[in-house]
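Same protein, same chain, two forms; see structure 1 and structure 2 below, as structure tokens.
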Structure 1
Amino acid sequence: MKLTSNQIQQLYKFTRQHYVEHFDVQTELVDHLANDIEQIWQEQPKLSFEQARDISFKKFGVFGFMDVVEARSKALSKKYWELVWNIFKQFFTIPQILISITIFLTIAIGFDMFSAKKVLLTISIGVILALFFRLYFLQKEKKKRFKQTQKKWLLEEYIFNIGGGVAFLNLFFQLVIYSPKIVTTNFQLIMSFILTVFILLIYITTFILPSKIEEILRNQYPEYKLV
């Protein structure tokens, strides 16, 4: 016995009722449940749809779908940083390398002209303001997209939340707090390189990836084209 389209929609509703918000994870679970229910019906054809569904659901254990959601989140977190890395590598090839060199030299010159604490504090304030303003607009864009499609995608969530990139702020605060009063040339060069890398990462996560959201989702999810 095969599930009807109405029963498939009921399974989507069932996953939402069990706190699975993202359509891609819902689809994965619905596919699993549908196949399992059809297998259960082969063995116990007299069971109703709801009975077979509940038997299938119990196989997920006491935490229900949460283990699947967690595993999916970890897998997509890895995918997210693969996307970041692929773009990041481009900044060390011509012509993007010119951008990296410009940022590096600007920071290095700043260390040469001002105290390390002042340079790090200035960069930190700039990064904080840029992140908060960008996050504000990204959240508005995310809400707008959901209003149009009524669907959430886990990878989309990562991208619009900049992959937890706010954690970068702690690094800048630590650098400001523990920056030495007297710095050597080696310190200036190393810090200039580290800061260049983090500025590029922040730029990629806050501007480049969100601008490629449609392309990324189409490549990641075959079902996205049908939405």
Structure 2
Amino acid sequence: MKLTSNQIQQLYKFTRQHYVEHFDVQTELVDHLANDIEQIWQEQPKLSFEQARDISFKKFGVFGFMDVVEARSKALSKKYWELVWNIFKQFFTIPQILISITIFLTIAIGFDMFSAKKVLLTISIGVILALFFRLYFLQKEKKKRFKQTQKKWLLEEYIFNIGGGVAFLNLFFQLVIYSPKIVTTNFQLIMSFILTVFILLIYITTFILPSKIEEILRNQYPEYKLV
């Protein structure tokens, strides 16, 4: 006996009730449960859909779907930072390296012309404000997309949450609090390099990746165009 479309939809609902929010993870679990229910029915045809479903769910153990969700999150977090790294590398090849050099030189010259505290404060406050506005916009965009499609994808969530990169905010807050007044030339150069790297990473995670979201989701999920 095969499951009906209605029962498949009930399985999607069942996974949502068990804390699986994302469609990509739900889909794999729904197919697994469906196969197992059909197998159970072959051996015990008198069981109801709900009884067979519960027998199947029990096989996932005491943590239910949590192990699967956790493993999927880890795998996609790795994927997300791979995407970031691939774009980041391009900023050290021609022609994008010109952008990196410009940022680096602007900061280094800034250190030369103004006090270190002034430079660090200006950059930190600028980055914090940009991050706040951008995150606000991305959260709005995320809600809008979900309203339209009624489906959340795990990688999409990572992109809109800038891969948990809100930690960048803390880093720049620390810079505001602890920025030193006087620094050595070596410190200026190292700091210019580190800040360039962070500014590039923030630009990639908050602007470039969200702008490519459709392309990324199509590449990552073969099922994206099927639904």
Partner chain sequence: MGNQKLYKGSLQTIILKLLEENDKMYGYEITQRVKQLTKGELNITEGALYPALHKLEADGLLDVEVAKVDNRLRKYYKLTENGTKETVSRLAEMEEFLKTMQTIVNPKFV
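This structure is a prediction, so every number in the text was calculated from the model and none was measured. Here, rigid core means the biggest group of C-alpha atoms that superpose within 1.5 Å across both forms. Structure 1's sequence is the ruler for residue numbers, which start at 1.
Visitor: So which is the form predicted in complex with its partner chain here, 1 or 2?
Guide: Answer 2, the form predicted in complex with its partner chain.
Visitor: For Leu47, is the C-alpha shift between the two structures 2 Å or more after core superposition?
Guide: After core superposition, the C-alpha of Leu47 moves 2 Å or more between the two structures.
Visitor: Establish whether a shift of 2 Å or more occurs at the C-alpha of Ile37 between the two structures, with the two forms superposed on the rigid core.
Guide: Yes, the C-alpha position differs by at least 2 Å between the two structures.
Visitor: Where the core is superposed, what shift in Å does the CA of Gln7 undergo between the two structures?
Guide: The shift comes out to 2.4 Å.
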